[in-house]
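Below you'll find only one chain, the form predicted on its own, shown as structure tokens.
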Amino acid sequence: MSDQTNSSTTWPADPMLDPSLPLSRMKIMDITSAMAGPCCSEMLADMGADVIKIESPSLTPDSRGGPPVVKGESGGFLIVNRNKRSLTLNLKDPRGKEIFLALAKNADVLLENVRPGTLDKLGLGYEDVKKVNPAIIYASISGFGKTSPYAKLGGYDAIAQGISGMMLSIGEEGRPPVKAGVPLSDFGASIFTAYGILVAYIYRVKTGKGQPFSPSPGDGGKGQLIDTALLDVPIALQVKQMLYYFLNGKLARRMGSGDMDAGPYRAFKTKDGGITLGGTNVNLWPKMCKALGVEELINDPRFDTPANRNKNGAELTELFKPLLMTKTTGEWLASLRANGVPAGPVNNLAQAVADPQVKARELIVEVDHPKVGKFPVVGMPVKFSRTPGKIRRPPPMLGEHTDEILAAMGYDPAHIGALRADGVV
């Protein structure tokens, strides 16, 4: 470490950290971009983790997170980077690498989603970081993972959905391949990686001989490498389709908004919109028929059992289509819910955001950005009775906390100024 730093400094703690949050002692280095990596660290930050986002000094709004650009800031960045601090570092400069390793020495987690091999070439891969911190949990997200014939290929959400078979599992039979409208591979990788980080973190606490939540080099550190691939996510999510294939060697039918099992479990058009029905089991079928005014179908031999409804699902769907068009969504919902049948409207996003259920769950919250001002973001989908998450920081501006972090590490103002003048930060 440079003689310009204070080697006794451990970690430049966030002065806005809330010690009451459950992950307030977790320290994360975030070297991620796009969606999968940033969303993962944001979930952990919402629960108190101290996240330092390491970014290149040369980033622009387009390269930092993509469109839309809002008052000079990337909208793509704003939606998945709250509760973090931004430190700019040129990792190709030895001084930038030195700062990086000084942080890594006292970090709990290093999260990255750069192309496999990039950090290794810079001397900042898992084996390199493990030398300065054997307890590090080094989490990597990539298109195809580190142990595969595709490891060096670039991978994106749509590519993963295509290779996994998902594009031919969803959509309508006989129609072209369909990509899920939301980036399932990206966000699924975020969730699985956050899960992996927490498992590794708990393992380290349970098995380490040192103080909990701190590196224990004397016992090998108990850190580990976590390797998540975008392709693995849609494979893992298709467990039901896989079951049908494994059992009979046949590909499951594409069901559009429907389901492979006994229906009707799908969306239908109504007089003024759309509705989803969930009458899948033995008890719900007669209740649904009563709510829809078609009691004669309850014991119809074509539909009287789940197996028969599955077998004759296409015929049942064609019977229900004109029926559901005779009333409005609201009228059908009132009847179905009064009879205890699961059902819901098919909303657009504007309707979903305005839905009283979404509001009651606080799924849309507001943050106040120093440059952009107040804007809505998606809130935390998991609720805790004792330790609810908290939005304590808006998404950071590029390098917003560089001086703060370096000063806490022992760099004096003159040295920070020199690093900035040389493009290191």
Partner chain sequence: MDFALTGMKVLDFTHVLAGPYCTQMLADMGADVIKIENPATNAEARGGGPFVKGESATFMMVNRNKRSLTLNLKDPRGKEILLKLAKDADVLVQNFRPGTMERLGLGYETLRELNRGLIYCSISGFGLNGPYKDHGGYDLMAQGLSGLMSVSGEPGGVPLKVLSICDFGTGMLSCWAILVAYIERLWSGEGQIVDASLIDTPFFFLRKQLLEYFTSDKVPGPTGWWDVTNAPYQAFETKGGDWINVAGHSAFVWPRFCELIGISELVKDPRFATGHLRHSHREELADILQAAFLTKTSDEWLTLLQQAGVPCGPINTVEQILADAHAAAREMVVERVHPTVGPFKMLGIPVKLSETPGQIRTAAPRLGEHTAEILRSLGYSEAEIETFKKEGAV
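It should be emphasised that the depicted structure is a prediction, and the values quoted were computed from it without experimental measurement. Numbering follows the first chain given and starts at 1. Basically, rigid core = biggest C-alpha set you can superpose within 1.5 Å across the two forms.
One more form of this protein should be noted, the form predicted together with its partner chain, which is absent from this view; the next part is about it.
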Using 4.5 Å between non-hydrogen atoms, is residue 76 touching its partner chain in the predicted complex?
-> yes
So in the predicted complex, does residue 312 come within 4.5 Å of its partner chain, heavy atom to heavy atom?
-> no
If you check in the predicted complex, is residue 148 within 4.5 Å of its partner chain, heavy atoms only?
-> yes
Answer for residue 228 alone: is it within 4.5 Å of its partner chain in the predicted complex, judged on heavy atom distances?
-> yes
Only one of 322-330, 94-102, 198-206, 294-302 has residues with a heavy atom within 4.5 Å of its partner chain in the predicted complex, and that stretch is 198-206
Answer key, its partner chain contact in the predicted complex at 4.5 Å (heavy atoms) among 353, 122, 114, 132: the residue is 353
Judged by heavy atom distances of 4.5 Å or less, which residues of 369-388 approach its partner chain in the predicted complex?
-> 375, 376, 378, 381, 382, 383, 384, 385, 386, 387
Look at residue 62 and decide if its Cα position differs by 2 Å or more between the shown form and the other one after superposing on the rigid core.
-> yes
